[in-house]
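Starting off, we have a lone chain in the form predicted on its own, written out as structure tokens.
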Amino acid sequence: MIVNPTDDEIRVGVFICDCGLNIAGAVDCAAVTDYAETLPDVVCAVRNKYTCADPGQNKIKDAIQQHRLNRVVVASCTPRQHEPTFRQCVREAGLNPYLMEMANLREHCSWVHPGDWDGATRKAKDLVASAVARARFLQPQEELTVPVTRAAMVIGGGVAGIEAAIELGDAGHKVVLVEKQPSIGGIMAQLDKTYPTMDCSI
């Protein structure tokens, strides 16, 4: 069951991931964690070796309960890889999954600045600060389920339209094919022969 925050106080938890050496090999993760603790509305900052692993996720869940967090920022790898993981994690802890924000410290920072320790660390701090700022404006969202009618309209009765209608019909959809000309076939129906076999086009 999702429990949405009821008070107006924003309480952000920041979770910095080493990602093994993928991030920690190029970024001072300890300094980034210390910096995160100084940001507005941040009530805890935690560093993990692998935040996506079960121990890291358990730390997020424990911190949500212990610090009464109503926003979570995970600074790790790309959201394309683990945003569903962390959304499910905060959901299991009783927080709306859309109250979680991510900062990409791997693809956007450590992997593009491998030889610049100080610069990469400064950039990581900026990415975390930006994610915390965004998190402060997050609102709980609920996913809706809507019915889908298994029907399709194909506009154009040329070769592509005919093939699309056949494929959709074979997949179990009701299909309506709309063509503005008196007959279907499009340009293909106007040709006498087709290359390379020189067969009749119809």
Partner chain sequence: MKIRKKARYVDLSLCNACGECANVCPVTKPDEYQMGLSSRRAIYIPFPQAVPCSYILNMDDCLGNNPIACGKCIEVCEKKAINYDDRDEIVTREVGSIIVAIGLDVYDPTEMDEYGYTRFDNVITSMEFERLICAGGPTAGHFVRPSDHQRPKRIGFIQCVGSRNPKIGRPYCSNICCMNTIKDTLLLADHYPDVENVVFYQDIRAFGKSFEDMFQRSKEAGTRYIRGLPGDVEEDPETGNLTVTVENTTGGQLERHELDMLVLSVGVQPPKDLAKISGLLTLSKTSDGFFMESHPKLKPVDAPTRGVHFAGFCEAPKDIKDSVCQAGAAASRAGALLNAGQIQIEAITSRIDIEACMKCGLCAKVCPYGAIVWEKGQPAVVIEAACAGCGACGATCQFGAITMRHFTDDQLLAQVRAVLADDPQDKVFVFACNWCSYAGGDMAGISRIRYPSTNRVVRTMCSARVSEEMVLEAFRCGAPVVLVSGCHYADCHYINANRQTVKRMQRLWNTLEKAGVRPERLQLEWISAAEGQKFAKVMEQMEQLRKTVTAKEIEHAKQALKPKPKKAARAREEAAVPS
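Nothing here was measured: the structure is a model prediction, and the numbers come from that model. Numbering follows the first chain given and starts at 1.
There is another form of the same protein, the form predicted together with its partner chain; it is not shown, and what comes next is about it.
In the predicted complex, its partner chain lies farther than 4.5 Å from every heavy atom of residue 88.
Proximity of residue 93 to its partner chain in the predicted complex: non-hydrogen atoms within 4.5 Å are absent; the residue sits far from the partner. Among heavy atoms of residue 187, some come within 4.5 Å of its partner chain in the predicted complex. In the predicted complex, none of the heavy atoms of residue 20 sits within 4.5 Å of a heavy atom of its partner chain. The stretch that touches its partner chain in the predicted complex, counting heavy atoms within 4.5 Å, is 150-158, out of 25-33, 150-158, 55-63, 41-49. Residues of 113-142 lying near its partner chain in the predicted complex, listed in sequence order, are 113, 114, 116, 119, 120, 122, 123, 126, 127, 129, 130, 133, 134, 137, 138, 139, 141, 142, the criterion being any heavy atom within 4.5 Å.
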